[in-house]
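Shown below, as structure tokens, is a lone chain in the form predicted on its own; questions about how it binds or moves come after it.
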Amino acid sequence: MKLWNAHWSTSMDELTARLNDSLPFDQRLAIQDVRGSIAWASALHKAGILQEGELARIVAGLSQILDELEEGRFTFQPSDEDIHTAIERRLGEVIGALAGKLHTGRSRNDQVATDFRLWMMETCDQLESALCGLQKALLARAETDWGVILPGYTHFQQAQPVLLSHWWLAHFWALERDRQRLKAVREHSAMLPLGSGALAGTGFATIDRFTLAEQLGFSAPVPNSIDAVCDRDFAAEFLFWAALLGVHLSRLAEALILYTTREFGFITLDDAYTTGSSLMPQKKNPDPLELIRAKSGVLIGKLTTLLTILKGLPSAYDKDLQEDKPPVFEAADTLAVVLPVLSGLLNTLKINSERIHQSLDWSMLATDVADYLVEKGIPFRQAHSVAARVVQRAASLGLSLRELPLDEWRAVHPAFEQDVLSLLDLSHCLDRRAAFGGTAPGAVRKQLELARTVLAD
């Protein structure tokens, strides 16, 4: 017997039953389902619906089931339609007919919404810890690689020099925004649906939903019973968070992949985070980074899946919502692997500082040349044009800016004096970017202090 087919004259079509059943994926909500049921039994007792002895037997039975689940001894049956059916069936086996009282005033609609939110809250905590681990790896790189000057790129053309530490921290701050968004997802998940029934609210007005919320770790009960059973905003927000985090991870992975090529040679990955070729013995492939880049597309797909499921639903619960969990579970599982793998990769890679230094193009100092002219009273637009002509002049002579003689500078514009040659120093270029958030060593040290504070908090 299903929980719902007491007046059905025939059994369900076998293939239809397979389509209908959700146990293959919602069984991972088992612990949350038992926790919610224990709290609900307590609420029924306080409402005068369960006697003291009945409550004790139900809680003891549920506690036994919890032990079986945690120890891997719980056995699912072919007749179990979903996790709620499985738990209730097993409770009946343990304590007998009394198990039938547990579902009083409760629907699987508010039950599954509660289970899902409980799972989401716990998962957010776990993923925040993994995300912090990745931030710590980036912070450690910024500290370890202090003093290395990296060519900064726009349009993937060398643009201006930056500290490598500054570059690592750019990814740290993107992840910090992700971490704050994840906290918001957890906060939005922490609203209790239990006690909303199928859609109209429980029929037992003495049920104290506020105490239920406190007992289960929720902030408060959802104020509208219809909204409580159909709201999946928290799941969509989680998948948006996962998709955007995936984009940030993909950007970092893409840069690292390029920096590990022979053409760049900026970075060497540890063997533990590479693969080889079955044909070409010399290959050392950054497969983990390529997979992280690909997972970004997978995560975006999960978000699209859920939003498409939700977009046409009327208010209250619809069976479509059974399909809300697989994309969320899969996204969480993906990130639970990706985040520690990327942390380990960052902690073990080697920076080839000499190769980075050799790649620096001195024309990246052209903006400083323009700024030099601005300080002599020349409007920036004119100074910009003059600096561009200096770069062209040096290139036509086959010289770098550092090698260009003063008379060549003055041939382009008479405002250039001997002191312009002192500009042609990478450290001087960095030091000029001392405003908050800049790449000057002093500014980056302040960034490091702020990053440490953020993680400590």
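Keep in mind that this is a model prediction, so the values were computed, not measured. Residue positions are given as counts along the sequence shown, with the first one as 1.
Just so it is clear, the following notes concern the form predicted together with a small molecule, a form of the same protein that is not shown.
Contact annotation for Asp178: none of its heavy atoms lies within 4.5 Å of the small molecule in the predicted complex. Among residues of the shown chain, Arg251 is not one whose heavy atoms approach the small molecule to within 4.5 Å in the predicted complex. Interface residue remark: Ser363 is not counted as part of the site for the small molecule in the predicted complex, having no heavy atom within 4.5 Å. None of the heavy atoms of Trp241 is located within 4.5 Å of the small molecule in the predicted complex. Of the stretches 370-378, 347-355, 80-88, 178-186, only 80-88 has residues with a heavy atom within 4.5 Å of the small molecule in the predicted complex.
Only one of the listed residues (Leu164, Cys230, Met120, Val112) places a non-hydrogen atom within 4.5 angstroms of the small molecule in the predicted complex, and that residue is Val112.
Residue Arg108 is the only one of His384, Arg108, Lys295, Arg141 with a heavy atom lying within 4.5 Å of the small molecule in the predicted complex.
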